[in-house]
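A single chain, nothing else alongside it, follows as structure tokens in the form predicted alone.
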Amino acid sequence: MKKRNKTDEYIIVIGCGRLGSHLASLLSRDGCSVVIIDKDVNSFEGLEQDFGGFTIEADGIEDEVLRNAKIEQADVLVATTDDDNANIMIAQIAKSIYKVPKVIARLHDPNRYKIYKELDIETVSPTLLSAIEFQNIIARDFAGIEEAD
């Protein structure tokens, strides 16, 4: 299998909040072809000025919207809305119906991780990542301290 360049990657990001807009901007800067979808046209103001991708103001759960975004050509779909139910639904549609090779969903409620895992959906949970990072910082800072007798 031929290794692809980043410029060959077609990525759809659904949800243009802080995470989605930052991710889309980074991917665009890296040379990926990016489409970002959000229901609120004002959310696109969060994209960096040099964002070179496309924006679609619509509900990313709707099949027609996904087809207009050319989901059948997507290499990656990332669902970053603030609604776990929407993210899981979008991820299932992308994975099961459109056979998108890489599907990742944002997970707000860590208690739902098991559901996503059972559906074989890759997740990123800012809450869990933050907790792990705090734990690493605490462990690192206390690793060099010895108890006094």
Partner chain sequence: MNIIIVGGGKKIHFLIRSFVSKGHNVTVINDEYETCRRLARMHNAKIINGDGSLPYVLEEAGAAYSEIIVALTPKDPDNLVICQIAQKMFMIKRTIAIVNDPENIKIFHELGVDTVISTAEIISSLIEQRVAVDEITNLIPIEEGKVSIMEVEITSDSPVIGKTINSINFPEEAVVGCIIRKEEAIIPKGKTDIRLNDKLIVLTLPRVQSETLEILRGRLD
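Worth saying up front: this structure is predicted, and the values here are computed from it rather than measured. Positions refer to the first chain, counted from 1.
Keep in mind that the form predicted together with its partner chain is missing from the display, and what follows is about it.
So if I measure heavy atom distances to its partner chain in the predicted complex, which of the stretches 57-65, 100-108, 25-33, 42-50 falls within 4.5 Å?
Selected stretch: 57-65.
With the partner left out here, check for me: in the predicted complex, does some heavy atom of Asp83 sit within 4.5 Å of its partner chain?
Looking in the predicted complex, residue contacts with its partner chain include Asp83, since a heavy atom lies within 4.5 Å.
With heavy atoms only and a cut-off of 4.5 Å, decide whether Thr123 touches its partner chain in the predicted complex.
No, Thr123 is distant from the partner.
Is Ala69 near its partner chain? Define near as a heavy atom within 4.5 Å, in the predicted complex.
Result no; Ala69 lies far from its partner chain in the predicted complex.
Quick one: name the residues from 8-36 with any non-hydrogen atom within 4.5 angstroms of its partner chain in the predicted complex.
If the 4.5 Å heavy-atom criterion is applied to its partner chain in the predicted complex, 8-36 yields nothing.
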